[in-house]
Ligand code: RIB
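Below sits a lone chain in structure tokens, taken as the form predicted alone.
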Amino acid sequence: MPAKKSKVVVVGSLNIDQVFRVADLPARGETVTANDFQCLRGGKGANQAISAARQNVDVAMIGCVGKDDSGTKYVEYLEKEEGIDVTGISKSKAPTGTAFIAVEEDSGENTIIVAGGANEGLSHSLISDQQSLIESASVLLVQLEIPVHSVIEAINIATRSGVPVVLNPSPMIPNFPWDDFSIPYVIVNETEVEELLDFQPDTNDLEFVRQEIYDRRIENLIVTRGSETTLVYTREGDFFEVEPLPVLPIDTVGAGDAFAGCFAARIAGGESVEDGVRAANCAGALTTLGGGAQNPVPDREKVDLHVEQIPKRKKFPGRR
């Protein structure tokens, strides 16, 4: 196993997940009974930081938790158990963020409600205070479960310093200032890409998607689609698909975060976009085989054992 050399800095959320397992996800206005309940660590930022750390790169986390017992123990866990640099995590008077998650037992599909709590206190100035930490990164990884002005400040610091940015714009927000900077890597799922582009792309939409991402100054758009192929579009006009790792999911809650963290780690380590997506597809799929967003996230050794099952890129006639 290679020694840790590269560094991913993650700016994002830390939550306590309240997970309810149900036979069927509730419809609007419906009350259902949970068959099981767990209280777990989560938050997209921390989930992605753990995923990156388990890929054997150095990871630092910038975020905000409450001064409550949950927040204190969470930070201690990240530092002592996952080896993550937590010097960039601040403490707020607000309670540690909380997510309420319903997981459908047969399909593993989920719905999530997030109460930001201390995450909302991750201010522009707190990000500015961590400028040197961001500048030390091989890759900056960000999401949108924290105030958008803080995300923008982190991206601006990274851009000025020549640090590549991986943005997972989740949850998607309207009027994100795409025109203000060029972002090397954007990772979205099927729902988010439709919000981003105003349509659901497929393998026949290359030229239209290329123009859309050019207008938004996205260099590489990566679209995860669960058990279907991951689509990769580049601003230069290249397009390819990456096969998923076939699994029977138990819980899909952390799959997207495992993908993003693994991808950022592989890019930080110098791998190509294609190889990064192949590894990330494995990380996402393997995460669905256990419960919760963090415990089942695989390490690098486990990902490497499975990545050769995913063939190299699938090209299309007439496309580079």
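Residue indices: 1-based, along the sequence shown. Just so it is clear, the model here is predicted, and its values are computed rather than measured.
The same protein also has a form predicted together with the ligand, omitted here; what follows describes it.
Chemist: Select from the listed residues Val247, Ala99, Ile250, Leu197 the one whose heavy atoms reach within 4.5 Å of the ligand in the model of the complex.
Modeler: Here the answer is residue option Ala99.
Chemist: Of 29-37, 283-291, 63-71, 250-258, which is the one stretch near the ligand in the model of the complex, taking non-hydrogen atoms within 4.5 angstroms as near?
Modeler: Heavy atoms within 4.5 Å of the ligand in the model of the complex occur in 250-258.
Chemist: Is Ser51 a contact residue for the ligand in the model of the complex, using a 4.5 Å heavy atom cut-off?
Modeler: Because no heavy atom of Ser51 falls inside 4.5 Å of the ligand in the model of the complex, the answer is no.
Chemist: Test of understanding: in the model of the complex, would Gly42 fall inside 4.5 Å of the ligand by heavy atoms?
Modeler: It does: once the ligand is placed as it appears in the model of the complex, Gly42 has a heavy atom within 4.5 Å of it.
Chemist: Evaluate Val86 for contact with the ligand in the model of the complex, applying a 4.5 angstroms cut-off between non-hydrogen atoms, and reply yes or no.
Modeler: Outside the cut-off, so no.
Chemist: Using the partner position in the model of the complex, report whether Gln55 sits within 4.5 Å of the ligand, counting heavy atoms only.
Modeler: So Gln55 does not count as contacting the ligand.
Chemist: Need the contact residues for 100-120: heavy atom within 4.5 Å of the ligand in the model of the complex, sequence order, or none if there are none.
Modeler: Result: Ile101, Ile112, Val114.
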